[in-house]
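Presented below, as structure tokens, is a lone chain in the form predicted on its own.
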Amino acid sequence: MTEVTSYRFSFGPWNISEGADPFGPEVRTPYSLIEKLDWYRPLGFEGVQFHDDDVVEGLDDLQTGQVTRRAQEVRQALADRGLVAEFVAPRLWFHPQTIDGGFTANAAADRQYALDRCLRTIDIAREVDTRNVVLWLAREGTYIRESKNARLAYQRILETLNRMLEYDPEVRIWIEPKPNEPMDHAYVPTIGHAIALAYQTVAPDRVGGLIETAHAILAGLDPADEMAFALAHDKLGSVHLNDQNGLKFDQDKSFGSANLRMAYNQVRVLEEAGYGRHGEFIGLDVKVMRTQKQPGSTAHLTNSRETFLHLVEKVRSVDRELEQKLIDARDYEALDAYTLRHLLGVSDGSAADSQLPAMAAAGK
């Protein structure tokens, strides 16, 4: 009997946002980290995604002992609520010394700042009891090609990865690729680039990727295929499920909001690969709509989680025998029709659905 995955879910505190965007200010009142942590379990979430300064606010201005004490306080807050830290990510794109990038900055002092911040992030991650560090290479790129040597930039990224891996022999690094925003030309824009880098490191088994739905779409790629590629290399550390309405800015819409069939295929790839059976989280990275009022600040999270679970049932209830007959007959029109009807909830022995086997036979 096939093992059935029981999924665990995570999100980051930034997903409960105040609605500010590049064109307007906050429209909702901020909640504290502790207030947000109180909501995780009631909403059906167990894992917490962190930036380093989500754990330790203002960490650049604190001494090591102060950073450690604050991280330990957050660890206790998680334990008190039955929560675990999924990962910690250095927020390298806000600091003035990362204007020109972190690992790939032209100034040696700026590159050193980025490395030091990553090593401190590892320390924070261990204090909140996780081995996982996510690198979103936000400003690792250029505004104009001539400003940096791309070959040298990739070497510098690799050097940083190796320094992090050597600093802590148990740390796991998950690279989160994104093709654009905030940089015009991004280095490591896809999971293929990330995995190629992983294999070059001093510890390839501890480097993988985190794939976000919207980021893949922004590269003109299908997120299910990106996930499948990482899974084929056993390098999918986590996912950020959301949705994206075309090649626009990074929208982080609720999962399945823009393209339900694309969401279905992401769930299918994860389910069929057994993702989650070793404790991997279904991570969400979704923004509440700017129009949402204060009491609805978490609706996008519960909606996305419920959509995922509904699609899991769609994947598990699909007629595999019929699918295979249609594939063998190369009747992809019928397969397409069956998939749509299944998602619509009408593939249940209706007259239209019962015609599909005959269509397959006719196609042989």
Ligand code: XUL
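Note that this is a predicted model, so its numbers are computed, not measured. Note that residue numbering begins at 1 and tracks the sequence as displayed.
Keep in mind the form predicted in complex with the named molecule is missing from the figure; the text below concerns it.
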query	finding
Heavy atom contact within 4.5 Å of the named molecule in the predicted complex, the stretch among 117-125, 264-272, 193-201, 89-97	89-97
Residue 174, heavy atom within 4.5 angstroms of the named molecule in the predicted complex	no
The named molecule contact in the predicted complex: residue 178, any heavy atom under 4.5 Å	yes
Heavy atom of residue 36 within 4.5 Å of the named molecule in the predicted complex	no
Residue 136 within 4.5 Å of the named molecule in the predicted complex, heavy atoms	yes
Contacting member of 250, 159, 73, 225, with respect to the named molecule in the predicted complex [4.5 Å, heavy atom]	250
Sequence-ordered list of residues in 224-245 near the named molecule in the predicted complex, where near means a heavy atom within 4.5 Å	240
